[in-house]
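A single chain, nothing else alongside it, follows as structure tokens in the form predicted on its own.
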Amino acid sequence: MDTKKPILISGIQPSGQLHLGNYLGALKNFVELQNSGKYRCYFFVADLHSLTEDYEPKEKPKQVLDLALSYLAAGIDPKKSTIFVQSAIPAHAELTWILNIITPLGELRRMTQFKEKSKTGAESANVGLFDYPVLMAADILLYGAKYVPVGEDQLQHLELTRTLARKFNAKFPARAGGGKTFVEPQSLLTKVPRLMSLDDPTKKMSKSRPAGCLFLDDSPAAIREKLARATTDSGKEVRYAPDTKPGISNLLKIHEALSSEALQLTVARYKNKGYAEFKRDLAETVIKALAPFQAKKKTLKAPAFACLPAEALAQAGLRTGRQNSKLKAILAAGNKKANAVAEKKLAEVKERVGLF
């Protein structure tokens, strides 16, 4: 790997099935960034972040492995990118605590996402949800990442990361000639529009509203059914008008993102045609676009892929077993590489703050 290339890092929470918004806004973008050859890429499974929401403990390991499978199925290549699990790197939690000492309470209180997720009562929200942005800062700063692909909803958190990097560098300067401890990361904004829920186009597509989600693992029948029932608007004209026709406008954005056709051309093709015909055609577009991902994921789950010799598993620190053993070996290799980078940076941080 070319060490002269800038480092790029990002992660996704393993908190249930991935939907189309996750694919277009993150996964597909990760693969394009990886294949550009411009960056040293680190992509992680953000399982520590996922603990801030209600979950079933016995389901979490399955969710972690399923997300890792989705990374591979989407095209993230362990030979080109480092794939790892956040909780396997102790430095993430340790650096979070150190960064907490320079993070003003007021900075966290003004975080929009915390306000939105604690609407039922900030006083009863867990501290992890409140401290989420500091853990995110640790995720980024440990690896010297110069670039972070994010959506607009994460820009506020990334700006806090930049603030904490500057603050730490100023408060705990390196010895003469030592350079700054942390790199101030820059955002790489995703170009994909925000996808809205199929059953309520005024709300963002979210796992918490499964009826309004197009999940990446949905069968063709499920995709056709969901799109046939998707909320549209008064009238029958297929036209892009987000303010007055949010339902059909959201479906048009999905079509544009998954096809090679510009939105204006699609609108022109469906002039004098109704919503039903457009929805039927959109379903086939979605099914065709997701088919390679679904086929590859199915192949990756096959026993032929999952089987590794016991000796190889032992070397990777894994128990003998057929199911997903090769996937676990890939994660073990990524964890080892990420841990080496993170531990080196953490040692530098500890020296700066006076720990040993």
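Quantities reported herein were computed from a predicted structural model and do not represent experimental measurements. For every residue, the number given is its place in the sequence shown, counted from 1.
Heads up, the form predicted in complex with a small molecule isn't pictured, but that's what we're talking about next.
- Under a 4.5 angstroms non-hydrogen atom cutoff, the small molecule in the model of the complex has Ile140 among its neighbouring residues.
- When contacts are judged by a 4.5 Å heavy atom cut-off, Ile83 does not count as touching the small molecule in the model of the complex.
- Shown alone here, Gly25 lies farther than 4.5 Å from the small molecule in the model of the complex, counting heavy atoms only.
- In the model of the complex, none of the heavy atoms of Asn250 sits within 4.5 Å of a heavy atom of the small molecule.
- Comment: 43 to 51 is the region of 43 to 51, 286 to 294, 60 to 68, 326 to 334 lying near the small molecule in the model of the complex, near meaning a non-hydrogen atom within 4.5 Å.
- With the partner removed from view, the residue among Met136, Leu99, Ala73, Leu282 that has a non-hydrogen atom within 4.5 Å of the small molecule in the model of the complex turns out to be Met136.
- Interface residue among Val150, Ile254, Leu216, Cys213, judged by heavy atoms within 4.5 Å of the small molecule in the model of the complex: Val150.
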